[in-house]
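Given next, in structure tokens, is a single chain: the form predicted alone.
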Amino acid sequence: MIDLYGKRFIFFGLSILIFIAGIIGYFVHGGFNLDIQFEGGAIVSLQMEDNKFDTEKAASEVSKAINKKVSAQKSEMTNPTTKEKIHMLVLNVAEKSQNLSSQEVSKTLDAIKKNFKVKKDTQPEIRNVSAFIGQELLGNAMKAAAIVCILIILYLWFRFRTMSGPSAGVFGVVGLLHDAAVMIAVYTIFNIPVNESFIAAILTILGYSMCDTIIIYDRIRENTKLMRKVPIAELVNKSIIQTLGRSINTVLTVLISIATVYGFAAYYDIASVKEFTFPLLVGIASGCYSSIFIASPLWVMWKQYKAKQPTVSNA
């Protein structure tokens, strides 16, 4: 039988390497790449001749022209009168002052006209976005995450009270925090824009990632009754091995489904779907990893530490 618990420090080290890479990415890119909702800025919409334009190239050209962070996406609507489709290029320009100068608007229009087919006589539609909305969303998300963690600890405390409930709950949440940290590290490494999709993905992972941990905990609880004389490390290792196939098959099924959606979004260049599914792919893979290699081994280490502590007896 594979001794996964005996190799726990290798798995801990792998997670630490990811965190260090994330920290390096943070400083290399000068912090998080906050999207317009969190940093404030302006949304510039332009009507195009057709939908055959590259959004990444459009963002790059405008960014070079006005020296600001820019992201771009396509938008399509139908004229209610003529029933013709209207193709729009939407540029998100991050700017703390929220306002673009007339010179910057002119440079934006020139950069797009120079590289793409803009509808004749079109005028840019400009909307200013305050960072307040994003900050409020982030604050509410943090509160939701804290409530989720507390409820998970209480649930695991009650559900697995035969295996020292509070510690099982705490290390289950440590696994969740590990998954959130891995997702954040991936964002800083690849300099991916942090927006409302990222917040939604984090909250989704906090709910989903606990499933694998509960499956392993459940098997540990069953084996505790059957193998009372087996050392705790061996018992947990055996429980992880027994549930390994189920955990991997479940995660692979979910990953294949989400990867299919991501591939569809990438093919049709649907930015909002890509921004939501990519962190989900990372978070779900990390959730399986943390359940097997982080949360359960940490719980065993805690149990062994407590067993070595001298027992206080009443005089």
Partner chain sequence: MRGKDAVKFFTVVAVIAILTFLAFNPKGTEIPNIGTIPSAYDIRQAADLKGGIDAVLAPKDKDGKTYAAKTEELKQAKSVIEHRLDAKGVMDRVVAVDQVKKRITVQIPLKKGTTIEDPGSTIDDLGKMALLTFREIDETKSATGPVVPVSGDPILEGKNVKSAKYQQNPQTGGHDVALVLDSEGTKKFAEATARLINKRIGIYMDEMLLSAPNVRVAITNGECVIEGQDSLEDAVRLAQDIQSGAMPFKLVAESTSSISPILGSNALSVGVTSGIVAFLLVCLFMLLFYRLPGILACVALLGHTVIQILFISWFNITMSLPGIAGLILSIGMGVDANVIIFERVKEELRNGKTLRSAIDLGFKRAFSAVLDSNITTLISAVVLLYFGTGPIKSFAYTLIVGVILNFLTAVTASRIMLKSVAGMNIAKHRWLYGVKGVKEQND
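Positions refer to the first chain, counted from 1. These figures come from a predicted structure and were not determined experimentally. In this text, the rigid core denotes the largest set of C-alpha atoms whose superposition between the two forms falls within 1.5 Å.
Although it is not shown, the form predicted in complex with its partner chain is what the next lines describe.
The candidate site formed by K143, I152 and A200 is fully in contact with its partner chain in the predicted complex, as each residue has a non-hydrogen atom within 4.5 angstroms of it.
Contact annotation for T260: at least one heavy atom lies within 4.5 Å of its partner chain in the predicted complex. In the predicted complex, its partner chain lies within 4.5 Å of some heavy atom of R221. Contact annotation for L34: none of its heavy atoms lies within 4.5 Å of its partner chain in the predicted complex. A residue is said to contact a partner when one of its heavy atoms sits within 4.5 Å of a partner heavy atom; M210 meets this definition for its partner chain in the predicted complex. Residue heavy atoms within 4.5 Å of its partner chain in the predicted complex occur in exactly one stretch of 240-248, 180-188, 107-115, 167-175, and that stretch is 240-248.
Only one of T162, Q123, N128, Q103 comes within 4.5 Å of its partner chain in the predicted complex through a heavy atom, and that residue is N128. Shown without its partner, the chain has no residue in segment 285-304 with a non-hydrogen atom within 4.5 angstroms of its partner chain in the predicted complex. The Cα position of E222 differs by less than 2 Å between this form and the one not shown after fitting on the rigid core. In a rigid-core overlay of the protein, F276 has its C-alpha displaced by at least 2 Å between this form and the one not shown.
Core-superposed comparison between this form and the one not shown: the C-alpha position of L46 differs by no less than 2 Å.
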